[in-house]
Structure formats: structure tokens, C-alpha cells
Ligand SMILES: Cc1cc2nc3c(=O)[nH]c(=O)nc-3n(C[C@H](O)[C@H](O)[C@H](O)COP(=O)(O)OP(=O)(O)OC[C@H]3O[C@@H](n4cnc5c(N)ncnc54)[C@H](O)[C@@H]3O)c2cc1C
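Here's a solo chain for you in C-alpha cells, the form predicted alone.
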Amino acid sequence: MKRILSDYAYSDGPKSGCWWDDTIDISANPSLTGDHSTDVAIIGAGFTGLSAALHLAEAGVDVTVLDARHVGWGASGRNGGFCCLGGGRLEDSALDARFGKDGRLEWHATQREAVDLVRSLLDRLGIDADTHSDGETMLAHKPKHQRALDEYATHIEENYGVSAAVHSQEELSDLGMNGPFFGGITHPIGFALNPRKYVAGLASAAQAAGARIFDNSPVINVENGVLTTPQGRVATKNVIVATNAYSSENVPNWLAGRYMPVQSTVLVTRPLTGDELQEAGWTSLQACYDSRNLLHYFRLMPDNRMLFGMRGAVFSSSAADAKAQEKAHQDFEKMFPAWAHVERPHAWSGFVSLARNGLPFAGEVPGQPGMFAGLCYHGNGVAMGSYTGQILAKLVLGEKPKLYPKGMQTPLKRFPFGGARRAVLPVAYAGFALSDM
């Protein structure tokens, strides 16, 4: 395997303090040994791979899933747990220029469909993932962002067909979302969940439908329909690559330079008391994020622990993780000064994946019939990764996905500088940080 980050990034170090790991055990699966055959081999046991495996197995297809570590080890088991709109980073003007108004609306409808898919899977499979939050709230951290909220509400109604509620600064306090914000906007699409419970439920359901899952089985080569791991091989008709930010540059070679891993850091507090909640003026279970480019995302969970995450870390090492966590603690205390004394025993990091063309990809790998890939959800993989898995399953089955926008069919473009492409992040992040001040 050829990866662009340090060995530390793929170790247990970055996720050693992950709160989700304490909430549910995931049964271990055997490693692949010997020779096997299957109709579809899936690389990666996260939201995308397991969604694809579930939908294929339920259609009667013989499916084998291989993961370098284990179910949910990557971003799917350590993200912030926001099942929400998103998946790309293009403004409407760019979408209209590339795909026209109809293409833009189809892309936004796909985001909503992705959220609905997760909700339907949770209900149909009986997965208790501690869901909460009625949609999502964006909080304006600058006065000019507050002044733009009415325009944003119009954007939400046109693109998603729902009405959004605009909140003044005073109304936020009444809603139990007090803080250094100048207003906010809430739309009713999306919810929060425990991602580890969700990914564990997907794995159990896929296995119950007949899929086989192998842990500690990194795919080191794919050639002529055969996937090779350190101790085994799998012959297959079709391959789905579902490794997102934790991809290998040479599995397949086409992936090299076409995804950008970007770090996100998360903190979780101890359970807050009723008095502490009242003191801060934050009692809402709403999933929230602020209007920064290097955004903060946060939510009070049902057990009154506060989750707080942020973008912005650049390097991957033990020392860099410690620095990123220190910055997250500082920002948390600035946003919630009443909780400066509150212990935050859980802190961890993981990678989201960006695409140069600003949209996720789901489709057949160019020039490699029978090989499919799905990745680059721009930090919104709970919903979009799950939906991408369903798209890939349908493509393998020769069926037409319900919604399959042109932007997701467009192959990923290469970033400049190849294996050194993350070198541009310090400059880009410095510019974002200045604009966020």
C-alpha cells in the first residue's frame, strides 16, 4: 500500500481518545487467509462499503468486504455524527455554470435523499444510534453573516423545498443556544447520531444478509480480478473501492493524487449538570455549526456531554495532534467560557476527504471495467457515504440509481504536486483563518 501520510496517521494513536469507542463493542471478524472467490469484493468497511455490501447482499449477490483494520476504524467510526445536507463545496453559481439549474437542483435533491436513506436504514434495520436534533442550525459568527441569513433561507427553500427559520441573537438565547453568535438559521433536514452504533448496525445487517467481512486484511494489490492481501487472495467479477481519506495511492493506481485528506479534531466533555447547562445558556440538543470557513461543529448529546469539533490541523504526528487538540480546547473555552472548568476526557482526530472539483465521486473507475469507487464527501460522509454505497450497488447490479447527479458521475481530477499535495494546506488554511477573524 502506498499512502501519502505518515505511519502515525494510520495507527491507533489519532483515535485513542475516541468517545464512540466506549459506547458500543464491535465484534471482531477473522482475517482473510487462503484463496476465495466472490461476485463483488469491497475494499473498506465504513459507511460506503457497508452500505454497498448491504444493498448487494439483500439483492442476492455474493459479497466479500476487506478492511485494513476493522469495521468503522476510519472516519466512519470517529466522525462528529452529523447526518446532514452536504457532501460537496461548490456554490450554486458554480453548479449552475457546470451543470445548469436542473443539475444543481438534482445535486441538492440527492443530498436530501442521502439523509432520508440513513433515516430509513435506521428504522428498517432497528438500529438504535442515539439520534437527536430536528435538522441542523448554522450560527453566524460575524454580523455580515447574520445579514445574509434571509438570502440563505431563500437558497434553502429553492434547493431543498423546505422552509428555514431565521433566528435573531435574542431568539438564540430563548432557544437554548446562547453564545458568541449574531443570529442563526435552522432547516429541518438532518439529525445527529452515534456514528459507531450506526456503522456497527450496518455491518451486522450486511452479515445477516450474507455478506462476509474480514478484518486486518489490507488489499495490497488488485490485478486481473484478483485482490491480494498479506495472507490471502480473492478472485472477483467486480471491485468497489470505498476507502475515502484512508485510501492507498495504488489501490487502484488511478486514485493517486485525486483525493485530499484533511484533518478534523473532536472533543467530548464529561456529562454536564443542569446547573452548568443553565449557566452557559446552552440546553438545546440541536446539531450546530458556525459560519467560519474552518468551521466549528458542536452539539449537546442526549446524556448531556458536549461534542465540539473543528477543522484546521495540517500535519499528522503525535505532536501535531496534541497541538490541534490544544487549539480545539482553546476555541471551546472561547465559545463556552462558562464551561472552561469542565473536564474534556475524550479527544481524537481523523481525516475527511476533499476533491479538487468540489464534489464526491461515485462510479466506475475510468479504463477499468468492473471496478467502482466512491469517495470525497467533504466532511459529510454519514449521509453521502451511505448513499454513495447504494449508488455503487445499483451500478454493479446494472440498475439506475434513483438520483445520480452528473457531478457525482464526473471522475475526480488530480491535485497539483501529487504525493506532496498536502503541502498547499498551510497556505490555504492561513487564508481561511484570516477571513474567519
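Note that residue numbering follows the sequence shown and begins at 1. Keep in mind it's a predicted model, so treat the numbers as computed, not measured.
If you look for the form predicted in complex with the ligand, you will not find it shown, but the lines that follow are about it.
* Asked: If you check in the predicted complex, is Ala45 within 4.5 Å of the ligand, heavy atoms only?
  -> Output for Ala45 is yes: heavy atoms within 4.5 Å of the ligand.
* Asked: Is there a non-hydrogen atom of Lys406 within 4.5 angstroms of a non-hydrogen atom of the ligand in the predicted complex?
  -> No.
* Asked: Is there a heavy atom of Val166 no more than 4.5 Å from a heavy atom of the ligand in the predicted complex?
  -> Output for Val166 is no: heavy atoms all beyond 4.5 Å of the ligand.
* Thr64: heavy atom within 4.5 Å of the ligand in the predicted complex? -> Taking the distances in the predicted complex, the answer for Thr64 is no, it never comes within 4.5 Å of the ligand.
* Asked: If you check in the predicted complex, do His108, Ser291 and Pro360 all have a non-hydrogen atom within 4.5 Å of the ligand?
  -> Negative, none of the three is within 4.5 Å.
* **Heavy atom within 4.5 Å of the ligand in the predicted complex - residue from Pro218, Gly135, Gly257, Gly225** => Comparing distances to the ligand in the predicted complex, the residue within 4.5 Å is Pro218.
* Since exactly one of Val266, Ile185, Ala324, Met301 fits, which has a heavy atom within 4.5 Å of the ligand in the predicted complex? -> By the 4.5 Å heavy-atom cutoff, the listed residue in contact is Val266.
* **in the predicted complex, segment of 379 to 387, 33 to 41, 56 to 64, 364 to 372 with a heavy atom within 4.5 Å of the ligand** => This holds for exactly one stretch, 379 to 387.
* Asked: For the stretch 59 to 76, which residues lie within 4.5 Å of the ligand in the predicted complex by non-hydrogen atom distance?
  -> Those in contact are Leu66, Asp67, Ala68, Arg69, His70, Trp73, Gly74, Ala75, Ser76.
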